[in-house]
Each structure stands twice: as structure tokens, then as C-alpha cells.
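Quick heads-up: the C-alpha cells below are two forms of one chain, split into structure 1 and structure 2.
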Structure 1
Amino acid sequence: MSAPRQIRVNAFDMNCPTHLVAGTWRHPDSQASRYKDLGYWTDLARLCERGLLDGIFIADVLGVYDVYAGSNAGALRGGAQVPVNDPALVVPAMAAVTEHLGFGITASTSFEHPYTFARRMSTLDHLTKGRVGWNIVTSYLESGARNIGLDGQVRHDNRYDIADEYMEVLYKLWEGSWEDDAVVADVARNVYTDPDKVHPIEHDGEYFKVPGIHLSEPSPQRTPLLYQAGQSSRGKTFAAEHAEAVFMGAPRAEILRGNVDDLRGRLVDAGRAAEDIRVFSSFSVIVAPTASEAEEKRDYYRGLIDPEGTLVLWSGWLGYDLAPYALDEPLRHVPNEAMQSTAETFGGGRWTVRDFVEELGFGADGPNATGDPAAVADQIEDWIDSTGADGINLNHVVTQESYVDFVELVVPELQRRGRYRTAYEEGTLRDKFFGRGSRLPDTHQAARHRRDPAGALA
């Protein structure tokens, strides 16, 4: 009988006042308004490393939620993912106060050119000594597309086609442009880098032309650990081709189980192993030393939930306006180019606006566990074992209180049950995830762009 799966945990946050739970920024102990202070992030990083979490994963959007009632006013009132600062810029400070914690940042393949993005990620991989990951998104907010001069959102599946070529450019830059020993720093010969060991990538594709060399010398992981979070059929194909970790959200275990099994099957079809990917499920926790205290806390939090802010977020995720809906009116799916899997999950007439505010109010499309440490640990174990996921993406209900409670009350309980690490593994983020070194395995398509010791393309 195989040992029970060690449960992995990422703290899921965003560089803004309200991430997934609208209204709780008003909690008297909320740190939400400190998102623009480095201290918020260094405090969070120290806390998560003390709790032996896998990492801090920072969501991001380039655009504003202006679907609800056809305006961005609700988003601004609720601080719902606006104002929002750049997730990458808080990583070096967090890396400076930690040793093992990983940092996953979200960045879109639909906005920044891969040539400049490649250097930013290599820089972060250098500065964190190989502890950075990238959540690859194609972006679902129309407002973002309009603000970079497009007439509207690029079609859903075409965004993934562009992302495929985007990845190809990056693999060529990260894996193939500089040989491992290109930098010689030879004072006597006055040579810093051997020009014969740095190669232009000569990429000339349908969407991108990048003839030259990568600007950065090889970083510890070269390619940052690759996260992704799309559950549509096209999204899962993309994940099977590229991702090492996938975030999935589902309100029911059977929905998630189906997506996890489908994804692992697609990895095998893509020539990879089913276990070559770590699946993190959206999840929120409300915990206290006793069940009654936890319920009291939940009821207090529930009183803070802002229905308008909640529907602002869901209108953005679904891609259509929820303002006209009555509380118990079943949703009718409106075809659009936003989050396809989310629209498919919630568009079938089973769900209502009330469900978003009441049942799912504590964290987008994932479950909430409330109770004393043992009860919460039970629910997390059940969810992991019944869905086949490897871990949870723990979003905060109130920041940073939700993370403090988890680290102090739930981590020791999971450790006592042998389901959670008691010390960090050595090495880079990728090494900690898979235990087979810092580089992508040869079964990953990025390896096609590497050079052999003689400098020839593999």
C-alpha cells in the first residue's frame, strides 16, 4: 500500500486589497491595506517559511473588472483586484528574508513580449537562487486587451496558440542560447563571456520574431518552475505540454477528480509521466482551537462579505454581467472569451448568484474547511485523497490572520498525521517539487532546445 501523499501548500495571495474574498479588508485585524508595503510581504514570507509551506503564489491581472453593471465602479469600491501592484517586485525582498520558500508569480503571455519577459524571470531566478516559479496565464479580462490597443479579447483558444509559441521562444532563450560554461570571467585573458558559447536563437514564427541571444547568463533553474491554471480542454492540453504544477478550482470533489485524471492522462499522451505534474486545488480554511470558536469566526467573517464585490469578481471570471440576476435565478451561460472552464462549471443552471455570495463566498471556486485543527485536517485529507490533487492553494479570508491560523494550528496537526513535511528538502524549487535536480527533465519539450557539450543543438 503506497504511503499517503504528502500534502503541499501554497499561500495564495495578490498584490492588492481584495483578492478572492470581497469585503473582509474591513476586518479590524486585516492587513489588506499594507499590500503596498514591503513589510507585508516579508512578514508573510517569514510566516510561510516557519510553516514549511511550499511557496507563496501571487495572482495577477492586467485589466480591471468592469463587466458587473458595465462599469469598474464596483471593483474600485470593493478594492476587488484594483488597485493592483506588480507581483514580481515583491519577490526579491521575500527571498532576502527566507532560504527555502518558493515564489510563484503570475504573468500573462498576452501582454509582454517574451524577449523582455525572459530576462525578468532569469533575474528573479538568479536573485532567489532558483526559487521562482511562473504561473502562465493568457488573461481573461477584456479591459486588459483594450488597454494595450486591441479592439477586444483575442479568442480563447487562439490565446493558447499564441502562448505555445511564446513558450517556444522562452525555451530557446532559457535553455538553448547560453552554454553552461559560457561565462568564464577569465581576468588573465580579459574575457568575461566566451562569445563562441552564446548563440542567437533565430526564432521566426507566426507571432514572434526573436533573432538574437538571451540577455541573461544561465540561472539555477534556467526555466522557472512552470505553473498553469486553465481547465478548459485547450487549457489542459497546454498544461500537459508545458506545466509542472497546475492550479485547479472546483466546488465539488468529483469535478476536480475528473479534471485531475483527465490532465494526468493528457501528460502521458504528450510523452510525459502522469506524476510529472503537481496539482494544487483552490481551498480556504477557517480554524480555531475549538469548533465553536471556528464557527463564531466564520459567522463574523460572513457578516463582512460584500455581495457586490463578490459579483464583480464572478462577472469578470464568467465574462458576463451578473447585476441583472435575481438572487435565486439560475445562471444562463453567455458564450464569451473569458474563463471557459469556469463558465462551463457554473453555467449549467445549477448555480445562482446566492451560491457565489453564500456557499463560495470564502474563496472563488474551491471548498472551505471550517472547524478545529483536527476537523480541518480531516477535510483537507479527504479532499486530497478523493481528488488525486497533490496540495492546496490556500487563499486568505482575512490577511494575514488566515495564514497565521493555518501555520499555528493546522500544520502541526498534519505533521502529527505524517501528511506534511517536518523539514524542507534541499535545492531549488524544482528540486523540492520533484527531487531530480534543478533542470526540466529530458521528457519535457523544453529539452529539445538544449545544446550538447559540444554546443550543438540536442
Structure 2
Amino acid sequence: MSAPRQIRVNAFDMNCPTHLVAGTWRHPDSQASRYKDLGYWTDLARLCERGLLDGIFIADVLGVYDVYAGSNAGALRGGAQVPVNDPALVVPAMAAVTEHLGFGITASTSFEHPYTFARRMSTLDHLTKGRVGWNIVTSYLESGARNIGLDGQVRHDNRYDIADEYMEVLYKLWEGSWEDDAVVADVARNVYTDPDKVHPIEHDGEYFKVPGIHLSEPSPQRTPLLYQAGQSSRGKTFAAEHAEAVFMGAPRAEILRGNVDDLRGRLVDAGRAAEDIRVFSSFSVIVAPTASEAEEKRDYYRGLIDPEGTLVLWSGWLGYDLAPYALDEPLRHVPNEAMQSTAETFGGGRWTVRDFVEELGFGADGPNATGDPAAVADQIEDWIDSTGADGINLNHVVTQESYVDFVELVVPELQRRGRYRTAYEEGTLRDKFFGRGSRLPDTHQAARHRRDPAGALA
């Protein structure tokens, strides 16, 4: 009989006061307003490593949610993903106080040039000793596009066309520009780098022109572990070609199972193994020593939810202004198919707008498990086993209380059942995920841009 599958867990956070659950920054024990202090992030990193989590996955947007009422005022009032700081800059401090924890950084192919971005990620991979991953997004906020000088957001599928070339540039820089033995640090000859082993990439494409060399010497992973979060058909095709870990959200197990099976099939079509990817599902937990305490905690949290802040976020995610609708208006009066479909999927066929806010306020795209440690562990196990996912992206309801509760109450229960590690694996983040070394496998398309021992492209 084979050993049960180990459940992987990322802490899902954002460098802002309100990530997904609007209003809970007002909780008396919330640390949300400390997001701008390094101490917040080093405390979180120590906690997550104590709980043997795989990593901290940091979301990001480069723009403001301004669909609601046609203004950014609601987002500002509720702290709804604004103010928001750069996710990458907190990583070195967290790496300095941990040894194993990984860090998933969100950055957009639409708003970052690949040449400068490649250096930033190589720098982080060096500073973390190979513990960094990149969550590849193409972005969706019109405000972000306009503020970098575009007339508006590029069409969805075209953004992925640009992203494909973006990845090609990065692979050339990370995998092929510097040979493994380019850095010789020869004191006697006064040579730090052998110039013959560093190559310009000479990329001249439809969207990018990058003729020169990568600015950084090869880092432990060369290419950081590649996350991706798109769930459209085009997004899943992109993931099958590039990603090693995918973040998916779904309210019901059968929906996620279909998406996971579809994605793994696409990997095989792309010439990779179905197991070459790790799937993380959005998941929220409210746990206490007893079921009654957990329910009391859930009721208290629900009372903190900010309706306007929640609708600000949903308006941005749906691309539809929900401001004109009263909280007690039946949802069938709101002519937005995506919102109605989301509510029905979560079981709210006769909901009002208020029901939508209160029931989905704990997380936008995944289940919530509320109960004592055994009940919560049951729900996590059932979710993983029935969906085929590898782990969860753990949303916080109140930071950092949600993570403390999970580490102290749920992790020991999962360990007792043999479903959760009791010690970290050695190696880089990629090696911890797959156990086959720090570099991308030869089946990944990035391998086409590597050089053989003679310095020629593979």
C-alpha cells in the first residue's frame, strides 16, 4: 500500500492592508496595518517555517480597483488592495530569518520589461539560495495599463501571445547567456569572468528586442520556480507550456477536478509529464480547539466584513460595477451572468447582494473550512483527494491569526494522519517540489536555450 500523498501549503498574502477579506483589518488582533514593516514579514516567515509550510505566495496588482462607482474611493476607504507595496522587496528580509521557506512573487509580463525583470529575479534567487518562485500573470486592471502609458488593457489572448515571447526572452537570459563555468574568479590571472563563456542573446522579436547579455551570473535555479494563475483555456495552455506550479480556485470539488485533469492532459500534449506540475487550490480555514469556538469565531469575523470593500473587489474581478445595487436586492436583479453564476456555483441560487457579500467575503474562489482541528483536517484531506490538487494556497481571514491557528492546530493533526511533512526536504525550492535537482528538466521548453559543454546552443 502506497503512502498517502503529502499535502502542500502556501500562505497566501499580499503587501497591502486588505488582500481578499475586506474589513477584517479592523479586528483588534489584526496585524494588517503592519504590512509596510519588515517585522511583519519576518514574523510571518518565521511562523510559516515553524509550521513547515512550502512557502509564502505573495499576490500583487499594479493598478487600483476603480470599477465600483467608477472611482477608486471605495478601494481607498476599505484598503482593498490599495495601498499596495512591491512584493519582491520583502523577500530578502524573510530569507535572512529562514532556511527552507520558499517565496512566490507575483509580477506581470504586461507591465515589466523582461531584461530588467530577469536581473531582479536572479538577484532574489542568489539572495535566497534558490528559494524563489515567480507567479506569472498578464494583469487585468485597466488602471494599471493606463498608468504605464497604454491606451487600455491589451485583449486577453493577445496578452498571452506577448507573455509567450516574454518567456522566450527570459529563458535565453537565464538559461543560455552565461555558461555554468563562466565565472572563474581566477586571482592569479586577474579574471573574474571568462568573456568567451558569456553570450548575447540577440533576441529580435515581435514585441521585444534584447540584443545583449544577462546582467547576472547563473543563480542556484537559473530560472526561478515558475508559478502561474490563469484558468482560461488560453491560460491553461500557457501553464502547460511553462508552469511548474499552478494556482487554481474553485468553489466545488468537481469543478476543480475538471480543471486539474484538463491541465494535466495539456501538459502531456505539450511533451511534458502530467506530474510536472503542482496544483495549489485557494482555501480558507477558521479553526479553534472546539467546533463551537470556531463557529463563534466565524460569526465574529462575518460581522467585520466590509460590504463596500467586498463589492469593490468583486466589481474589479468581474469587470462590472456593483455600486447601483442595494445590499438587500435579489441577485437575479443584477444583470451580470458571471456574478449570478458564481453565486449559484457556491449554492446561492436565491441570494441577495448581501448574501453574496457575507457568504463569499471569506474568499473569492475557494471553500472555507470551519471547525475543530479534526473537522478542518477532514475537509482539507477530502478536498485534496477528490480534486487531484497537490496542496492549498491558504487565505487569511485575519492576519496573522489565521496562520497561527493553522500552524498550531491543523498542522499537528495533518502530521498525525501522515498527510503533512515533519521535516523539510533539502535543496532549492524546485528540488523541494520535485526532488530532481535545482534546474528545469530537459522536457521543459526552456532547455532549448541552454548551451552544451562546448558553449553551443542545445
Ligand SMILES: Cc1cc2nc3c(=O)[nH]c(=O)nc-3n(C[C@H](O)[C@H](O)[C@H](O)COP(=O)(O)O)c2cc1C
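Residue 1 is the first residue of structure 1, and the numbers go on in sequence order from there. Rigid core: the largest C-alpha set superposing within 1.5 Å between the two forms. The structure displayed is predicted, hence computed values, not measured ones.
query: So which is the form predicted in complex with this ligand here, 1 or 2?
result: Answer is structure 1, the other one does not fit.
message: Is the shift of Thr345 between structure 1 and structure 2 large enough to count as movement, that is, does its C-alpha move by 2 Å or more after the core is superposed?
response: Yes, its C-alpha moves 2 Å or more.
Shift of Asp194 between structure 1 and structure 2 at or above 2 Å (CA, core fit): Asp194 C-alpha, core-superposed: shift of less than 2 Å.
Did Arg332 shift 2 Å or more between structure 1 and structure 2, C-alpha, core superposed: The answer is yes; the displacement is at least 2 Å.
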